[in-house]
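Take a look at this single chain in structure tokens; it is the form predicted on its own.
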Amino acid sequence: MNEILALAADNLLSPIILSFALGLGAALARSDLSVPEAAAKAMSIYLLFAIGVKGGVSVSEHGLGPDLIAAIGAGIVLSFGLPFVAFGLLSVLTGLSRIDRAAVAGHYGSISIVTFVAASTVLEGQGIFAEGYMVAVAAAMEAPAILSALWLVSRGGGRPAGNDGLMREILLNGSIVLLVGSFAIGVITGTEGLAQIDSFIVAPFQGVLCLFLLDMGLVAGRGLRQARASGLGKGAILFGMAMPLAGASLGLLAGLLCGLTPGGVALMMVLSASASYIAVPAAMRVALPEANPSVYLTLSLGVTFPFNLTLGIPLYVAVSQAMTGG
């Protein structure tokens, strides 16, 4: 236990986590510190492209095999199943309507790619190997949860918006297109291709991530202030911290069953613990327009995201190492 706490403390003192904490603290203190929206967008494009290319290169070296297929299959099962766990917890802890519970649940079956990138960087800083194809697992876990959320609504007698553009909205979401596309570039070009853009993809990555997480800290801090203003009850806030732990536990089991390395298990836990605030909100606007965005965005971005960045990632890494002997 002491070793787990020591590792968690070390991870909390990493530059990326401290950058996030700086932004969070500045927002809560109502500082006028801000990052231009165009700069934040450019940084997110860079980070998605870089992580996708590096993951694709790793797969090109590793090759397609049953371990990759098993990990992607486990990710899809988790993405379909986690909304049902979230829906049940919300039913116990909150008085939200069925539609709002389903909308929130969909966010917690999908993933936060920023949390995934931050966790990957923490693992790299600790010298912990993780399978590069976990990027493909992340991409596969984006959409299934949305279908589960819609099923939860329809089962209760609600009628999700029957919009033919929903699947297009899901599959052509910018983050998914960029992540999958850059992953394909990495697979096709391999190590030779990476060598050509190494100075752009590898060297600046952690510095850009620090600045991006500074901005995300500002956004999350504003979300926490909104949580107080919107009157979300203690049960909803408790859910925003308990659900990541429940998801991470299932991700741990899946990672162990798939035979992943300690780093791979940690990333599976992170993916299962995170909540979407990009792809799923866009889909919910189309499919469940009557759901309250201030509820699902505040919980995913204002509560769960900072919880995972500051406490969750160090805990998941430490637990994965303890459980795998890594």
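Just count from 1 along the sequence shown to find any residue number. Only the largest set of C-alpha atoms that superpose within 1.5 Å between the two forms is called the rigid core. Since the model is a prediction, treat every value here as computed from it, not as a measurement.
Below: the form predicted in complex with another copy of the chain, not depicted.
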Among 14, 34 and 206, does every residue place a heavy atom within 4.5 Å of another copy of the chain in the predicted bound form?
yes
Sole residue of 81, 233, 181, 73 within 4.5 Å of another copy of the chain in the predicted bound form, by heavy atom:
181
Work out which of 126, 249, 189, 91 lies within 4.5 Å of another copy of the chain in the predicted bound form, going by heavy atoms.
189
Mark residue 64 yes when one of its heavy atoms lies within 4.5 Å of a heavy atom of another copy of the chain in the predicted bound form, and no otherwise.
no
Does residue 18 make contact with another copy of the chain in the predicted bound form, using a 4.5 Å heavy atom cut-off?
yes
In the predicted bound form, does residue 143 come within 4.5 Å of another copy of the chain, counting heavy atoms only?
no
Does at least one non-hydrogen atom of residue 200 fall within 4.5 angstroms of another copy of the chain in the predicted bound form?
yes
Please pick out the stretch from 129 to 137, 144 to 152, 82 to 90, 209 to 217 that is in contact with another copy of the chain in the predicted bound form, where contact means heavy atoms within 4.5 Å.
209 to 217
Residues within stretch 31 to 54 having a non-hydrogen atom within 4.5 Å of another copy of the chain in the predicted bound form:
31, 32, 33, 34, 35, 36, 38, 39, 41, 42, 45, 46, 49
Quick check on residue 38: with the core superposed, does its CA move 2 angstroms or more between the shown form and the other one?
yes
